[in-house]
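Here are two versions of the same chain, shown separately as structure tokens and labelled structure 1 and structure 2.
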Structure 1
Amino acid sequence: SPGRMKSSEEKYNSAVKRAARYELLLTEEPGFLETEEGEESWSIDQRTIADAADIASANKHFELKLNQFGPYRIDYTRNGRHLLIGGRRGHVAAFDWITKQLTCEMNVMEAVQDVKSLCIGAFSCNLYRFNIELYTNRDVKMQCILSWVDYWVHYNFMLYNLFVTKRNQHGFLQYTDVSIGNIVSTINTKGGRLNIMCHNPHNAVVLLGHHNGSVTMWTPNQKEPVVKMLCHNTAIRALAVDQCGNYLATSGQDRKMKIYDVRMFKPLHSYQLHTGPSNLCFSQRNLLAATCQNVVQIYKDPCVQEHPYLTHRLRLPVEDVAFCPYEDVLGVGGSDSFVSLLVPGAGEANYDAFESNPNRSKKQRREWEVKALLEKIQPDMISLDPMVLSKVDHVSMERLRKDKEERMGFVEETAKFEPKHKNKGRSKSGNVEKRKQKVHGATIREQIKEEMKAKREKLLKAEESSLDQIAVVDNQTGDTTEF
């Protein structure tokens, strides 16, 4: 009924307003770096920034010299508190990077391809030549997921689904549910060796970069790519998607870095650099970090600016780069070191404690874990549009209507009235319903009018015909009197 719809719309609008007004109560402001006239931000080095910032922030800039165990891959936990580093020669360590407290450290005696922190129960997951091993935060090896297919190269952890996606050199993409331990789906991408993978945190689709320059998007439900985009003319070197799922940054062998709108699949911007960046990473506030060999460049507004916001040069080539969530820090895993760089304005200033809380206690972590498991999103809910569940399901409605027609044996009133869409708020659902009802009422009234008219005509006709009959009788008898 239109009245009920109007009141529910009002409630919804007031809720949105109240949620937006809550912004007044947010306590923290994001970081910034303002340069004076003549000074360029990319020429400012880390030491200057660390000196100018306060002590707590200066401590966040540090360098670990790790020259024994090979290039390091890094991963921050989701709340930005703990850091996991894994060296190629087997050194794996997890520590709280703010307090520099070591949680666990070990040498796994095998070549480590990639590390990811899982945030549930098991703390870390290392990827080797043939298998993945899960470790708890007390160095206890929990589970060894062996696979008979040749080795998996890099993988990704998707939080809300608790999936790990792996790709391998034969072109297979595999989704594994880490909470239960079963393989959700294995897809043969038929795209050759899969080197580059990233996932879109907004809708949980996996993007793969191929050697012919195309980027394909996959969901565990389909054996075909959902979207296929041609991004570069040459092989793709790195991919990154921002947190809102708006922008896709790709870099290719042709030394170009391109920014795409990932919802409309349109190119927005293209940079020419001296090499194609080998690592790309978006921060929470849409800063883009690109590493070219041993130089890390950070772009502030990747769609607008041509020159980088900050740069940093390392001694040896960079292996991995990751922004720390909720902090103005960029972690860089190099060939012989780990560096933590200060990037003012990178992290989200105000976190939501129910999503990820950097200052959580053990109890809060346990509660969070239980809730996360209860709300684990099933694989068949993954699609390009994550909000499809809240939308009207037109397909099913049509199907149901057809079934009903068959059953009832008649077609419901056709010529449905669709009111014209009006601007300036005149097309709210309550108003639309009112207009529909007005037209419906008018058609019914017309129908009734016509019926009454037909009845009256019938009556008149009956009278006339009876009168005619009487006249005829008279004519028969001979009288010519007329009524």
Structure 2
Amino acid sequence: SPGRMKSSEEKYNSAVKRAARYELLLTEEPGFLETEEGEESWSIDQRTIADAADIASANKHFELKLNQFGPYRIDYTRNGRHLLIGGRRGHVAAFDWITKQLTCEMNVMEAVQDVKSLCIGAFSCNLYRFNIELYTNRDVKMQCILSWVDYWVHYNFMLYNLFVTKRNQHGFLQYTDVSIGNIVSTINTKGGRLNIMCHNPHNAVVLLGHHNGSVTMWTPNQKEPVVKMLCHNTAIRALAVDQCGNYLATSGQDRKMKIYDVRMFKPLHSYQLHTGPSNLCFSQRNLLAATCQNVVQIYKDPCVQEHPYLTHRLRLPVEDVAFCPYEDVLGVGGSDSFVSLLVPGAGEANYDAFESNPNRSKKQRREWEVKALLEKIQPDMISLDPMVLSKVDHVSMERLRKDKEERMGFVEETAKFEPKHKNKGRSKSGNVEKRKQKVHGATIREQIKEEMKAKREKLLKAEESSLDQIAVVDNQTGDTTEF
């Protein structure tokens, strides 16, 4: 309705004004590479960027030689402080990638399909063929979640729901609550082997890529996809959604990479590449990283930019990529190494200490975990439109009104009383409420009087009808009775 749109627009303008006012308190500013005339930014290598940067930023570019247990899957913690890596042959390690201090390292003696960091670094989650195991930062196994479906391929962790979503080669999608270890929902997608999966951080909807080029969106409270869209003519190779949930990046075996507007489900831009990207990842400032075999390409504005912003070439194919939160760093997990690349302008320059604080103490971390458990979003609340919870269900209201109308036989109309404005302080909020209550009480008394009057009239009519029946009976018998 026009009134609702006007109210939403006023709230949006108010939020923009408050954000602009608070920008004076921000101490850091984001920046990008500035090239000279005739020079392309994609031709600048990492060595040149590290030499031109300060010492603290240059130390963030490093490479780890890991040629025994690869290829490696990687994941950063939510505050960007720690890094978790997992090799296919069982090597799992977590460390502070800034100070290079090792937190834990182990070999689980089993094939590791994927690794994820839960919450803010206290727990790590490893995916094996038949189960999921949760570990603390001291190599202690905390929980093992078994499954009856064979061979899990990949999984995602949804922070605000504390859910782990898994997919497998038989087309099953499973939601698991890691806080209690129970399976929330298991859905048969009927789409064959599920190799590609990601989730929308804005509304917690899971996106699946299929071999026929379609992308489906799922919620745990429905057994059918809420959205199904055809993105490519060939199989999907990679998916990624930005932090705000506005843009979707897809790649297929047709060597194309496409950008979609998730709000309207319409394509915005298409790239024709030499090979189809096998990994896609958005940064906090909407930089897009795409990997084509052993080449990593970063796009500054993927909706309009034709050429990449930065490029980097590895010796062997890339297995996984991830942007570090609140840092201009891109982590690349390869077949025999891990590389930390400097990407100016990738991360948010200022962080919200109430949301994710890199310098958080142990006590603050525990308080945050308790708060996350108390404020956990239930699976029934996940929907395509996250703002539906704050809206009025007009369909249910209309249904209730119709049911009440059928029961009562008429439509109840109540006129709102608006007190007139009076001078000399007689229109204060307390006086206005007293006048409203007085009128409301008078209305209720009038309704009660009318109901009592109707009941008395009904009783009188019943008495008159009974007396008439008695008089008719007496006339038939020949007796006369006077009343």
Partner chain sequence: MKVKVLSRNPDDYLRETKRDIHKVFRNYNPVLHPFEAPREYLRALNATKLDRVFAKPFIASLDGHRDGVCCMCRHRKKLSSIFSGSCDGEIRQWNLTNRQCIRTLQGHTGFVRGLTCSADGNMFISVGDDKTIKHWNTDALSEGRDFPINTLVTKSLYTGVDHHWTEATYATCGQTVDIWNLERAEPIRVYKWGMDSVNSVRFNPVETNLCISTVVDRSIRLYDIRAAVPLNKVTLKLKSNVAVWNPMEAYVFTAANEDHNLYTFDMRKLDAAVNVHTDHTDAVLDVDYSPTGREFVSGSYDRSIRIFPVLSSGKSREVYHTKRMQRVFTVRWSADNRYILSGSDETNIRMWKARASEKLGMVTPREKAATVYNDKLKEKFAYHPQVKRIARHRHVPKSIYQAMKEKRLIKESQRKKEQNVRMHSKHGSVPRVVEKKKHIVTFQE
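What you see is a predicted model; the values in this text were computed from it and never measured. One-based numbering along structure 1's sequence throughout. Take the two forms, find the largest set of C-alpha atoms that superpose within 1.5 Å, and that set is the rigid core.
- Between the two renderings of this chain, the form predicted in complex with its partner chain is found in structure 1; structure 2 comes from elsewhere.
- With the core held fixed, the Cα of E446 is displaced between the two structures by 2 Å or more.
- Once you line up the core between the two structures, the Cα of E457 ends up 2 Å or more from where it was.
- Aligning the rigid core between the two structures leaves the CA of R18 offset by 3.2 Å.
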